[in-house]
Each structure stands twice: as C-alpha cells, then as structure tokens.
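One chain comes next, on its own, written as structure tokens: the form predicted alone.
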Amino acid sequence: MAVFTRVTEADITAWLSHYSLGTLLELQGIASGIENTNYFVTTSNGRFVLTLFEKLTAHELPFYLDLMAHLARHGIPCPCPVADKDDRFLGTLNGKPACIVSRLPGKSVTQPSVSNCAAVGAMLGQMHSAGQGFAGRMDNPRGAAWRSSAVQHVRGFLTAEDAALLDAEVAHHASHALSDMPRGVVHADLFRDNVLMDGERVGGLIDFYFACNDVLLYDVAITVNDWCMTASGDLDAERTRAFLHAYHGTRPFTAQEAAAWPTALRVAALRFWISRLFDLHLPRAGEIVNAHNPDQFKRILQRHIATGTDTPWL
C-alpha cells in the first residue's frame, strides 16, 4: 500500500460498537491498493471491508459513499456502505476518515476472456443508466485543467520527444473536447483489479473513489483501454467488439459517440500516462509507492494516434 494505517483488533472492536454488525471474528489487512488502507472484517453478522481514507477528506467522501449506496439500491453490485447507529456512513478511526462496506463475491482477473469483457461492458452500461438518477455532483478532478497543469510538473523528467508528444496531445484535446455528449456518473478507474468476477458474471465493481461526473464515453474508453488491450498496446478486436456490443445493448451509443470514439480512447490513455508519470516522478512525501510503468499508456496512446479514425467496433 502507498500509506498504511495500522488497525488492531482492539481498535476495530471499539469502532464496531457504534454499529449493529455483531462481534468481531477476524481482521485481515488487504495488501493491494495504493490510495487507501483496507481490511477484511468478518463479524458474527457477515463479511465486510473496512476502508481508512489516506487522501480523501471527510468533506469529499459523502459523494462517493452516497453514490455507492444509490447504485446498490438500483441493483448494481458495488460495495454498499453500512450506516452506524446514528445513521452515518462515515466515521473516524485512528485519526482517519473511515467507513465499512459490504464485501462482494468474486476475484479480479488478469487475463480477461471475451465473455468477461462482454459481462463488464454490459455492467458498465447498467451502472451508467442507474447513475442517471443520482443527485450528487463531482467535477472530474483529472479533467482538462488537471492534465494541462500536471504536464508542466512532469515535463522536466521527460525526454524532449516525450514532452513534445504530451504537449501535442494536450493541445489536441483542448481543440477536440468530448462535449455535447451524454454525461453522468462515471467510475473513471474501472481497471481489471477494480472488478470482481464471480465465474462468468460480475460479482462486484469496487473502488469508486475516482468517480465523478463526466462524459460517459470517456468511462467506456478508460475501461476498454485496460480490459481489451494487448501487451503491444493494440486493441484486441474480439474482446473490444464483445465489450462495446454488450454495453450498447444496455445503453445504446449515439451516432455522435461512435464518431468520437477515437478521441475518447486517446484522452483516456493520456489521462493515465500523465498520472503514472506524476506518481513515478513526484510521489508525495512519506508514501511507499508501487508506481505503475507510465510507458504502458504511452504505447497505448501512440497506437491510438497511429490508427487514426478507424472505428470498426461500433
């Protein structure tokens, strides 16, 4: 983990006294993740996940917790926050904002099949539809303004060639913005490790802490860039087609979205190339960061630029 806050059995037992979740049976730290501290918590009433937030503040968190509660009420398999005896989702544990949510079935997959991609595509379409009724609002903190600012901070660590590519791509998206298209709540980080597959079905969508309001097609592109990508940075035709057709079956794409698909793929790749550069070269003080390789998304971006406007999937 990037930042780890230790929680003892005595700590969680005292904290659970504010909930109606029974008695503690087991507390187990979760080693994955770089944003928050997470524990599996098993009580006499069931299995849950405890999260202590290392970056997000108590002021920011209600959007995410209310969103998960909304989606869960509408049948989307996502962590459902548990309210304490005072009907509050958010508390404080060991000096950090904290919540406890339902634990979902399944496990992440590293080599998704065509059927896996179709299942995730359909579920993302259902999530986007369910999110239309959510009243909360959060502008994308990794949007155009952030991209322009972050590039300035990382440029000094780059080769002249990479810096020129970043500058050109930021300028391209400033003049080819994804505007006037369907918008709503997006997950914005639905990589393979944030989906639990329970056999051939989606057991859970997790880690909603980059969720925000943005263009829905952008969220589709982020997900496809991970789930349907080959090691060389090319889209796998069969997986991509399965994903997009399944999504289209639950929330049909508009003609405008189909035309903007190449741009969406590029801006989604650019966002993660920049953020991985930032995490690698400018980690926050005190963090132990297992930074992802930024070159993966540089290659993906370069391949999307090279393929131009070819959109055989829609």
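Quick note: we count residues from 1 along the sequence shown, nothing fancier. The shown structure was predicted, so the numbers you read here are calculated from the model rather than taken from an experiment.
Beyond what is shown, the protein has a form predicted in complex with another copy of the chain; the following relates to that form.
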Non-hydrogen atom within 4.5 angstroms of another copy of the chain in the predicted complex for each of 46, 84 and 129: yes
So in the predicted complex, does residue 75 come within 4.5 Å of another copy of the chain, heavy atom to heavy atom? yes
Quick check on residue 155: any heavy atom within 4.5 Å of another copy of the chain in the predicted complex? no
Report whether the minimum heavy atom distance between residue 101 and another copy of the chain in the predicted complex is within 4.5 Å. no
Any chance residue 210 has a heavy atom within 4.5 Å of another copy of the chain in the predicted complex? no
Using a 4.5 Å heavy atom cut-off, which of 85 to 93, 164 to 172, 236 to 244, 140 to 148 contacts another copy of the chain in the predicted complex? 85 to 93
Partner-free chain; cross-checking another copy of the chain in the predicted complex, the single residue of 215, 206, 117, 123 with a heavy atom within 4.5 Å is 123
